[in-house]
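For reference, the chain that follows is the form predicted alone, supplied as structure tokens.
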């Protein structure tokens, strides 16, 4: 058995088969089961280690050569793969409850397979091309076959495409910088090209205008999946750059640029989110603010950098899935998701509204919720480095909290004679209930993430020294 075949080629083929052969209901269950099974195998079966089961010896070999390129998943990648496919399974199982299009699960599986390939490919610069391929699959995911792509989708694809030449050209220049690190001109040029590429990938201010626009125009649940999946692998790609090139992680100016780009994203997204009157756009700005927190973590000059990045990254998938699922349920009644359309829905969809508010408060860093431990760790490290940056991050989080209060006010604004009802079906109630329990569990007992966090720094051996 071969690791890249198991976690890249097999799910990609499974996604294509589901797309052609199965209906939406079966797609959700089968796609979710495949992702959960792959997560379980990655967690329980170590890569490149022989296991004896009775008289049978089982070993998952780490590498395969495909189209002249090597794809390799090391033993240290096991927890990361388990985490990725486990969160993907949560998204896929929620598809039926959300009412998402029948193409979501198969295309989602294919996107996750391509993104997993981006962390396995050697030379690792080819990850940029795999990220672009995944971005292209997002187009049919977000756009029905009978409809032209909306403006947000077009802008997303344009920005992702603009990132590729910058990153590939900077990679070619970085090879020369490694050979002659004293060449200051080449070093500056390579750094600028690389930062431009990642500015488009991360949608750094002001390039994030497509995110709230997409949340307003496109289907809520698939868009939430996009806002989880691509930034997650982009962060891992960026960590690979920092780990591989010593001059990148040891240059204070680059670290400061990354950090303050994240501060600007978090602060502006929080402030703009507090001013919105559209529930979808608020989710978009919250996702931008969390991406800003990831950039801040990348810019920290701390040996705990990798731990903090993944401490932000792991709850993000759960928060966005719960929020997007709840919003997609509410959207069926409150289209087009303006405050005026959502008034009084707390009495008609109490479970969905509760899940949305808990996920929103978690993103804002409310105590005892999943987002709080990562914010606490981030502020502790950031306050040692810059009090001004800490203040603006606090402003951004406060803006998200104000947006949560305004959202709650809209939901509870109903006449006294309005009766309480439960309009969520059992599937929706079950998925939302699991998400709510997960958010409280991670917030109250963050040590449950330790099995993942303990092994993930091994992926980036130079960053945690």
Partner chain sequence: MLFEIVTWISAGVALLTSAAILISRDWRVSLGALALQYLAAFWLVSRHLPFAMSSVKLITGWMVVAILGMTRLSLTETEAAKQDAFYPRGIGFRLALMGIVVLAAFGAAPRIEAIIPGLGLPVIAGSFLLIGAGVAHLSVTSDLLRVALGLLTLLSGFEVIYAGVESAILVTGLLAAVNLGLGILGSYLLLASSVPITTPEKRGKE
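In this text, the rigid core denotes the largest set of C-alpha atoms whose superposition between the two forms falls within 1.5 Å. Numbering follows the first chain given and starts at 1. In this text the structure is predicted, and so the values were computed from the model without any measurement.
There is another form of the same protein, the form predicted together with the partner chain; it is not shown, and what comes next is about it.
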**Which of 203 to 211, 227 to 235, 244 to 252, 137 to 145 sits within 4.5 Å of the partner chain in the model of the complex, heavy atom basis** = 137 to 145
**Request:** Identify whether the partner chain in the model of the complex is within 4.5 Å of every residue in the set 259, 382 and 445, based on non-hydrogen atoms.
**Result:** no
**Asked** So in the model of the complex, does any heavy atom of residue 192 sit within 4.5 Å of the partner chain?
**Response** no
**Request:** Indicate whether the partner chain has at least one heavy atom within 4.5 Å of a heavy atom of residue 69 in the model of the complex.
**Result:** yes
**Prompt:** Would residue 124 show up as a contact with the partner chain in the model of the complex if we use heavy atoms at 4.5 Å?
**Reply:** no
**Request:** Report yes if any heavy atom of residue 219 sits within 4.5 Å of a heavy atom of the partner chain in the model of the complex; otherwise report no.
**Result:** yes
**Request:** Note which of 196, 389, 129, 377 lies within 4.5 Å of the partner chain in the model of the complex, where distance is taken over heavy atoms; exactly one does.
**Result:** 129
**Asked** Of these, 86, 149, 79, 240, which has a heavy atom no more than 4.5 Å from the partner chain in the model of the complex?
**Response** 149
**Message:** On a rigid core superposition, would residue 335 pass a 2 Å threshold for CA movement between this form and the one not shown?
**Reply:** no
**Rigid core superposed: residue 253 CA moves 2 Å or more between this form and the one not shown** = no
